[in-house]
Each structure stands twice: as C-alpha cells, then as structure tokens.
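Below you'll find only one chain, the form predicted on its own, shown as structure tokens.
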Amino acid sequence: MSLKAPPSPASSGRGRGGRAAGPVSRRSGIARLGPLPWIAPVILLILAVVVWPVIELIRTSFLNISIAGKVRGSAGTDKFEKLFEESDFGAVLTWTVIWTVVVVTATMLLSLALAQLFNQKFPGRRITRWALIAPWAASVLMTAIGFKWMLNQTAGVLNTLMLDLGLIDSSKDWLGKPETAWPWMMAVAVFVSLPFTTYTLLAGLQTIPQDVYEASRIDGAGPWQTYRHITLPMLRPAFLVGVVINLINVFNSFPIIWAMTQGGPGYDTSTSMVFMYKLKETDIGESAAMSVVNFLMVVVLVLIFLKVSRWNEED
C-alpha cells in the first residue's frame, strides 16, 4: 500500500485559515496607469496651448517691457493702474458687453428660426442648406473686407443702389461714425456666426424622437404647447453649446472690427480686443494687463450664462 502526501494549500485551493486562495494576477506597469497614457497627450496639449500662455500672460502684465521687447524689471501693479486710468477704458468695456450680448442674442434667435425651417421638408432644402455654409467656409477677414468695400462712401454698392433708388440724397460714410458703424459690424458678426449655430441647433432638432411629438398630438397638445414643453427643453443641450461657443467667439472677435474700422475713429468702435491690440503699440505691459482683463471677462460672461441657464439641472 502506497502512502500519498497530503495536498498542499496551493493544490487544494485553500490557504491558511481555510480560505480559498485564488490565482495571483499581476498587472503590468502600463495597466496600472489606467487611462492616463491615452489622455496624457491631450493634457500636455492643454498645458502647452492654454495653461502656459495664460501663466506667461499674467507674468508679462507685471513686467516693465520696452517697445523693442526688452524686459526692464518688475512693474508691480503699475500697468493695471495705468490701464484703469485710461479715459476710454470704461467706454470700451461697455461697448464690448453690448457688442457681445447683441450679436449672440441675434445669432441665436435667427439660427433657431433657420434651424426650424431647414428641419422641414420643402423644395430646394438641400440647396439652401449648402448656401448657408458659404459664410462659414469663407474667411472672416475676407467677409469683413467685402462688406467694407460694399459700404464704401464713394464707390460702395450700397450707396450707389440707394442713390439710384432715391432713398438718400448723398453718399454716406457708413463706417465713419460710431452710430452707423456699430450696427453694420454687428450685422457682419451675426452673418458669419449663423452657419455654425444653425447647424448646431438643426442637429439638436433632428435628435428629438418623432414618437414624442405623436404622443403630444394624441394628448391634445397644440403647436405652441408642443414647442414650449417638448422642442425647447429637448433642444437645450444644443442651444447651450451654441450660446457658449458664440459668447467666446464674439467676445474675442478681432478681424471684423479691425478690417472694417480698425476701432476708430479713436476708440469709438473698439472692443476690448481691439483696445488691447492698440495698446501694444505704446506699452506691451499695459496690453498684457488688458489681456488678463479680457480673459477674466470672458470667463465671467460664460459663468454667468451657465448659472442663469442652470446648465447642470436635468428636466
């Protein structure tokens, strides 16, 4: 008779204390990092393109820099004090807020109407959708220059047409006065912002299930009730995306104003971005301080909108 050795803890599947000892798994070093290797390039890109320039911008605003770009030492808060003492600073900030609010509001309302139109079936819908892409495909600077030529006092198409129709007695300098230049620049800003915003809202409209509309009709809801209680709430994510992106783009808009009026006469048609660009001709540190103010303003505008819209609340 042969004697068999008692099974070892490893072979019996039990360790000390009678507990089962499962197979030992060792994760590789890369696996332990989780998703970090995949998101690391994005993090590095954000640090290089966003975070580092902001830090460098803030640092520059506290330096005394010559026009040639030579650092002459620390300036403390002198550049911010000089900026706030500028006679045109308050007016520029006021017009920047007016410019942003008016353009974004007009863009969202017109885009909502166009998106609902393009969401319907009608002859030529595909052609009109393609036509709307034209302002988006063209350069913003090129579009602004085209409108500037159209509004030219001596050879502009608008003055020529209005004179021929007898609507005006003499050619007008549409971009020479703030009271006429601002509306035209706002119109151009809305014109170039419509394509992206319209297609964003159109994509949101097309994600709404038709079953919801059929159920509302069965329940006896009218067109306005359906639009108010179904379409608008379900369009909210796309609408928020459109507003936030437009807030950032319109606030930072520089080519339109610079191409059409260069912010003149004086600073009468300048937003804070144009004001910042003009300041660099005399004081780079003060221009950097204005850049910091611009950055804080756009952050505040976006946060105010997100707070008012209650973006993180679910219906």
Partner chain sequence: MVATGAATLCMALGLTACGGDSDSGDSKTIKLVAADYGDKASNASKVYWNQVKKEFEKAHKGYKVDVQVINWNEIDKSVKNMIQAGDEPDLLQTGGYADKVADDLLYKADEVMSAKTRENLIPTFAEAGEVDGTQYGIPWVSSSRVMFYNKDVFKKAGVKSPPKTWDELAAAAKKIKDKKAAETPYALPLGPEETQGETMMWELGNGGGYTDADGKYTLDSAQNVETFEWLKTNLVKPGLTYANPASTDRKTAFADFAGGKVGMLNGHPSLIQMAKGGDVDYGVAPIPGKEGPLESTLGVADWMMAFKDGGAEKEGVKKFLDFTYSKKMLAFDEMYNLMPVTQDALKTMQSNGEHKDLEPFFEVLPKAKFYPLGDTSWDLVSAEIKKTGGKAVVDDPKQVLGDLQKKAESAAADTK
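Residue numbers count along the first chain shown, from 1. We call the rigid core whatever largest set of C-alpha positions still superposes within 1.5 Å between the two forms. Just so it is clear, the structure is predicted and the values come from calculations on it, not from any experiment.
There is also a form predicted together with the partner chain; it is not shown, and the following applies to it.
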Although the partner chain is absent from this view, report whether S74 comes within 4.5 Å of it in the model of the complex, heavy atoms only.
no
Is T60 a contact residue for the partner chain in the model of the complex, using a 4.5 Å heavy atom cut-off?
yes
Interface membership of D173, the partner chain in the model of the complex, 4.5 Å heavy atom rule
yes
When the contact criterion is heavy atoms within 4.5 Å, does K177 count as touching the partner chain in the model of the complex?
yes
Neighbours of the partner chain in the model of the complex among 37-53 [non-hydrogen atom within 4.5 angstroms]
I39, I43, L44, L47, V51, W52
Rigid core fitted, then: does A40 show a CA shift of 2 angstroms or greater between this form and the one not shown?
no
With both forms fitted on the core, give yes or no for whether the Cα of G266 moves by 2 angstroms or more between this form and the one not shown.
no
At a 2 Å cut-off on C-alpha positions, does P255 qualify as shifted between this form and the one not shown after fitting the rigid core?
no
